[in-house]
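Just one chain is shown here, as structure tokens, and it is the form predicted on its own.
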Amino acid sequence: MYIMVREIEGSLLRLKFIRDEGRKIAIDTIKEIGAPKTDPSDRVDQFMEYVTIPPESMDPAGVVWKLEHILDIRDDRFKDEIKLMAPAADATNVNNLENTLEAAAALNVIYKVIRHFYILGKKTLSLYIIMQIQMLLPLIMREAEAYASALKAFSHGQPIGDGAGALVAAKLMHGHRKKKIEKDCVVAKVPLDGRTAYVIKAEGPGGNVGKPGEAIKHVIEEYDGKIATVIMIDAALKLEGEKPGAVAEGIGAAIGGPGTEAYKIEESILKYKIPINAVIIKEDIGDAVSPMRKEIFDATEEAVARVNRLIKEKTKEGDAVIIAGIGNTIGVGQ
């Protein structure tokens, strides 16, 4: 037990260092970009302690819309706080700062939870509490290191691995006229092999995931459900032993997050009986939030080829299709 406690203490010190470094990066980035009139340290500390209370789900009817409302309020509150902390920041930098502060807040939560169970285990002299933390520590430290990498990417506005789907969409819509659609999303009408593709992604290059579910629903409703297929491209967690950047195909709404956007997509395709295909680019948690590595960047070319093949095989000339690139579009324009 003493050996396990010592190991946890060492990891806890490392977590505290990562958390403090994350806080420092967030404060320095606000000072550099936002030209604050006062020291933002206190506001950053308050931001890192924010909590989001999910809606009551004992009666599940309508819980998706309640959750979406809570998340919308949270997003607006975060942006308002950042504008107060960094009055000189433009819209792109506000999004990047929001991502930076959320990564710093995630590190703070990880540190406090591990500290909680460490102190509780010592207070109660419970071998089982200490043993559980010690067994999970390698995975927890890996996640913390990933968020530490994410902080650097967000503060510099660099593309991250999670932006692979957005990059595929950007490549497909490059050179075509785009228009803003729904909240923080853009769509371009792109001719592909005699078909009309409506390519959707979050609006970049600021750190943003948008509301692709709302955007897909809007396009489907606009064309009265006359959509031959929906193709979604997103990053997905790989299993150990799989190569980062491996591309796979499947069926279903390829989108993570709390589930509100996936729900909207599934409701829309069910209403009009539209088939949905997925192209996923595999990466681990570290790749997803770290600056985009070469293997993932190269994989976006293969994903574009897979999308073109799916359109040729699953649709006919004259059809309309929706292609949605999902993921955080930081550093990826349109």
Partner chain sequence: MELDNEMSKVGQAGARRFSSIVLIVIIVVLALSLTALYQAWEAIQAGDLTGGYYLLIGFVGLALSTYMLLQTRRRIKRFTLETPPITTIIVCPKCEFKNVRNFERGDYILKDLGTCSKCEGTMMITAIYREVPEKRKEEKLYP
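Since the model is a prediction, treat every value here as computed from it, not as a measurement. Residue numbers count along the first chain shown, from 1.
Beyond the structure shown, there is the form predicted in complex with its partner chain, which is absent from this document and is the topic of what follows.
Query raised in the report: Would Gly121 count as touching its partner chain in the predicted complex under a 4.5 Å heavy atom rule?
Result: Outside the cut-off, so no.
Report task. Verify the contact flag for Ala320: yes if a non-hydrogen atom of it lies within 4.5 Å of a non-hydrogen atom of its partner chain in the predicted complex, no if not. Result -> Ala320 lies outside the contact set for its partner chain.
Requested in this report: Find out whether any non-hydrogen atom of Thr196 is located within 4.5 angstroms of its partner chain in the predicted complex, and reply yes or no.
Outcome: Result no; Thr196 lies far from its partner chain in the predicted complex.
Query raised in the report: Applying a 4.5 Å heavy atom distance criterion, does Asn277 contact its partner chain in the predicted complex?
Result: The answer is no: Asn277 has no heavy atom within 4.5 Å of its partner chain.
Query raised in the report: Should the three residues Leu13, Glu32 and Pro159 be counted as contacting its partner chain in the predicted complex, with contact defined as a heavy atom within 4.5 Å for each?
Result: Judged in the predicted complex, Leu13, Glu32 and Pro159 all sit within 4.5 Å of its partner chain.
Requested in this report: Name the stretch, out of 145-153, 219-227, 253-261, 69-77, where some heavy atom lies within 4.5 Å of its partner chain in the predicted complex.
Outcome: Only one stretch passes the 4.5 Å heavy-atom test: 145-153.
Query raised in the report: Considering Ala26, Ile265, Met292, Ala303, which brings a non-hydrogen atom within 4.5 Å of its partner chain in the predicted complex?
Result: Contact check passes for Met292.
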